[in-house]
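Single chain ahead, by itself, as structure tokens, in the form predicted on its own.
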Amino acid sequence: MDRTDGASWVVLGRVEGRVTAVTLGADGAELDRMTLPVPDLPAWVGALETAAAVRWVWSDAPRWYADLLAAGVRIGRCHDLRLCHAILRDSELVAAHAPVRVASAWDAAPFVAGAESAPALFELGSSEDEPSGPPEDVDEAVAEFARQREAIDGSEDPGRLRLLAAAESAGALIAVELRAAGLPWDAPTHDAILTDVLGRRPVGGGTPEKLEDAAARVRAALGDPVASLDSQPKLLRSLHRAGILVESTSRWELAEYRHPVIEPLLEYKKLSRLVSANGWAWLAEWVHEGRFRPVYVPGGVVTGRWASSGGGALQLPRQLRAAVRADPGWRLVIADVAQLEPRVLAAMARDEALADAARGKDLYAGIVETGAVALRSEAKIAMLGAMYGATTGDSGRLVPGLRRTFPRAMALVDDAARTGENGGVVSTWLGRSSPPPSSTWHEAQSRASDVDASGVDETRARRWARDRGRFTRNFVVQGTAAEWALAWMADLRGRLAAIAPVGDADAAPRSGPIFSTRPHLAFFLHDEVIVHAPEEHAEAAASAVREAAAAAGRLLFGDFPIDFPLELRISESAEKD
């Protein structure tokens, strides 16, 4: 991991209320070491950021960065040891004997910024107060950084892993910044939506009137006035007694039956989900002073996708988007990528036929133009089936047409599925590898091959193998799409920071000291971003979003001719027209 841009590596550690900073040379040798009290850290970091190009190396970005932002200090780049350790520990590109694989102290869960159970960095008085997490002793951090540099430099493809580590670490910074800036949220609008959909808010708690009405209609249709609707096993028994022999209460399975209970039950489930996930209790807990501040967890899914540890930012229902409203004098720049995963698949496979179908147009309409399928709806079903391993129904019927028309793309996912079925490991474009199958999985496969194996043993082994094949088939595509999204956001973050701030009169103080006067990322959802920007800079921010998407494609896939078109708009609200 040689330094090629003139930046210094500064490793941070802390113990007993003091921070130690170790500056490393390009070869990893220690150049300088200093210790300072924790309260002095923001001023020192801010001064060094201004004076020199620095890459901060630390245990876990939320553990360090949230308090720096609160103190008005933004950093440019970091190396997140916990996140990068998880990638390198499991990557099949890393040598099997690499010491990073056995540095188990770094297999810790992330620190959750804002959690009441753990004190803030600047409030620590002694090591006894420290939260659980990766090691924070500076010498441990320096040693782990050395292991990670060795793992990358000795890997099969150092360039890709180096890029992945940089992108993952940039994502760690962005996640903390998203929480610090918050998503502009209008609580009265949210309350009005809930009242319109659910009825008046019950005084003193209880069930909203429209939810209660839907429940009464469900029970009447079932002929069971005491049917339990919130217990899956009990509800299934009530449905079975009514002749509805479903195995779950999913919308898709219920929709296959014609019965008076289906419509009110689907309505009840929808309303109940809104109450429990984003109702008045959620509004009171997560929206304060005009901002929704969720807790993002970069790399929280094995594919590298983000997860959420609080607030449910990755599951916000579209009906609440009207509550996402820019501050006065500001605008929202809302952008999402059209058909991100199929486009990523085309680039990974170097399938120019699929890239041609996507260029400058709706990809599914482009597939129809090739003659692979007849309808756009069929193109979508077939492509999703190919990436997720659907082998029955419409997907099973339509996927062969894709194989004939786009053999390189289909071969990539088919090969990934075959590897998974055989118990192998697959990797994303930049080198994040899937977890190996469990010992239970291997035992099932072994038992099925015994001479005295039963039909049950063989059926179970085949089913588990197919399930793993579907997982690895999608892993390579979803994981690479997550890498593209990280590259997009990292590039966009830099472009937005380069836009001049506005005057204090146009400030959005609820976005915090760093983001109150300049465009900034405010929301992320897999293939969508929302930027909160002063009105005078909204067009510049929109251009930055577009340019960053194009740059991310070039960074990952070079000159392969694939585009990543955006559905982009500038508005006061995130509600779609």
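In case it trips you up, residue 1 is the first one in the sequence shown, and so on. Worth saying up front: this structure is predicted, and the values here are computed from it rather than measured. Between two forms, the rigid core is the largest collection of C-alphas that superpose within 1.5 Å.
If you look for the form predicted together with the DNA, you will not find it shown, but the lines that follow are about it.
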Requested in this report: Evaluate residue 449 for contact with the DNA in the model of the complex, applying a 4.5 angstroms cut-off between non-hydrogen atoms, and reply yes or no.
Outcome: no
**Report entry** 4.5 Å heavy atom contact, residue 471 and the DNA in the model of the complex
**Finding:** yes
Query raised in the report: Is there a heavy atom of residue 273 no more than 4.5 Å from a heavy atom of the DNA in the model of the complex?
Result: yes
Report task. Spell out, yes or no, whether the shortest heavy atom distance between residue 422 and the DNA in the model of the complex is within 4.5 Å. Result -> no
Report task. Select from the listed residues 325, 162, 305, 210 the one whose heavy atoms reach within 4.5 Å of the DNA in the model of the complex. Result -> 305
Query raised in the report: Which pick from 362, 394, 191, 107 sits with a heavy atom within 4.5 Å of the DNA in the model of the complex?
Result: 394
**Report entry** Which of 548-556, 524-532, 66-74, 33-41 lines the interface with the DNA in the model of the complex (heavy atom within 4.5 Å)
**Finding:** 524-532
Report task. Report yes if all three of 269, 301 and 309 come within 4.5 Å of the DNA in the model of the complex by some heavy atom, otherwise no. Result -> yes
Requested in this report: Check each residue of 316-348 against the DNA in the model of the complex and list those with a heavy atom within 4.5 Å, in sequence order.
Outcome: 316, 317, 318
Query raised in the report: Would you say residue 105 moves its Cα by 2 Å or more between this form and the one not shown, aligning on the core?
Result: no
Query raised in the report: Aligning on the rigid core, do we see the C-alpha of residue 435 shift 2 angstroms or more between this form and the one not shown?
Result: no
Query - Core fit, then residue 268 C-alpha moves 2 Å or more between this form and the one not shown - result: yes
